[in-house]
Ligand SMILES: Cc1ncc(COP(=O)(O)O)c(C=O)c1O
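We begin with a single chain expressed as structure tokens, specifically the form predicted alone.
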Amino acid sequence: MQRVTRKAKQNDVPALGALDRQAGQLSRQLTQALRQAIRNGSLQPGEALPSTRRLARALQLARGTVTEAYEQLVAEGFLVSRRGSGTWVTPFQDVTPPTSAPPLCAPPLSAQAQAFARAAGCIVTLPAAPFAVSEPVGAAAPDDVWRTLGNRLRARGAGAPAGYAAPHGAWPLRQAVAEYVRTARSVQCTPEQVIITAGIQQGLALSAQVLLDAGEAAWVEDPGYPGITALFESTCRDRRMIRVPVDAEGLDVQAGEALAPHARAAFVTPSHQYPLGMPMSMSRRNALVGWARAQQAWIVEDDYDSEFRYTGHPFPALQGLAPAQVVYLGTFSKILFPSLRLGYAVVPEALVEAFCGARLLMDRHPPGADQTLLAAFMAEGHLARHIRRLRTLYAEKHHDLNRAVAEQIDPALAWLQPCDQGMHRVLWLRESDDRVVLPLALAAGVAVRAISPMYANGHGRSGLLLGLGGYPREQVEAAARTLNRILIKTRNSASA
């Protein structure tokens, strides 16, 4: 005898819709509603139903009416019932009725939905393997300090903050951020100008929505961060994105003036250009600020990887040159852990209310518990010590990656662009197409990103981003050997 298996009992009252009490025949209506719920999958095979008494009470029906409906569906084979065990949907059967009607199809996607779908393909989380970009170094994760501090804070108060909070974030964290960016990045601001965000991406989205009206133009680096280009190709499709080329000194301001002199904003990564890695020269910074002042335009500074420079001191933030016109964005995702999802925007005083309003409409306010914990982590000096330790560890990873590429990858196939900062390196490919290399590398367990799709036409110079990551030297070397084999296999794809 075949053993009948059932799902764990839930006995939830199913959502059946309203019964027409004026029409009468409530037992027949209930039978039809339950039958339809089984057919459309609202009630799954093996799922337990509530008792007749409970369902009758929930639907305000006589118990006999529910019993009659259950008995009818048992007779039809839709339900199984045993005395003392309850009633459940019959397992192991296809209850979908035959139909001559054409299959139902989803409505066509809007242009907006299609744009969002393309954005989903642009920003993909890499597997945890060399050379995943921005993969934190495990040995430097602040687990013990973070856990101890969190336990201490929770023991002193409520387990979780109650009620709604301010859209710009918790005041202690805003104070801590203002002090941190002042001392570490030469940013000029007060705590009132700090807006806590869910990372850089939300800061970019807020900036694009607040600073630009429909039809207005913004400069975006070419090549550039997919998170900002996808934003203009989806949510902000009614704004004009002007791709401005990048050279060895960063954004080419003269090229931007030739392409769109009256643009309303410029989105830049001046400390460590993404993806190419160079800092913006002082002459280019001055030129950019001069253009913004002359045009009464805004600058959005994504201070990407500014903490990690391995020779000399980090470059000061661009914001210090023009505090009234620069929106400064930072994040704790890379220096602590990505799952924290906390960052910040330092905005000119004139923009504070606008950013708060946009934040209210986006997600009301950031989560409260981790803000309090992060504020204490910073105020007690743990963040400064943590960054110093990270800088030492990533300097070692930087050296390990240099050596692995030099020893394992044929220089006739690829070469590593010199760089003394950041959490990733650029490997330029001589004869291979990075779009061909990418899926082969991922299939072989090597996590890389292709650079050519980050150019305006999607077919720029062929190269790969190699993240420093938190992996042992032997694993990095093995990944480099695997990548070399793939480059040998694809060496003629670029010219094919």
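All values derive from a computational prediction rather than experimental measurement. Residues carry their position along the shown sequence, with the first being 1.
Note that the form predicted in complex with the named molecule isn't included here; everything after this is about it.
Peer 1: Please pick out the stretch from 328-336, 173-181, 254-262, 237-245 that is in contact with the named molecule in the model of the complex, where contact means heavy atoms within 4.5 Å.
Peer 2: Stretch with heavy atoms near the partner: 328-336.
Peer 1: Just one of 200, 89, 351, 73 has a heavy atom within 4.5 Å of the named molecule in the model of the complex. Which one?
Peer 2: Looking at the other structure, the residue within range turns out to be 200.
Peer 1: Just to be sure I understand the contacts: of 225, 377, 298, 308, which is the one whose heavy atoms reach within 4.5 angstroms of the named molecule in the model of the complex?
Peer 2: None of the other options qualify; the answer is 225.
Peer 1: Candidate spot 269, 274 and 341, all three in 4.5 Å heavy atom range of the named molecule in the model of the complex?
Peer 2: Every residue of the candidate spot has a heavy atom within 4.5 Å of the named molecule in the model of the complex.
Peer 1: Is residue 304 near the named molecule? Define near as a heavy atom within 4.5 Å, in the model of the complex.
Peer 2: Taking the distances in the model of the complex, the answer for residue 304 is yes, it comes within 4.5 Å of the named molecule.
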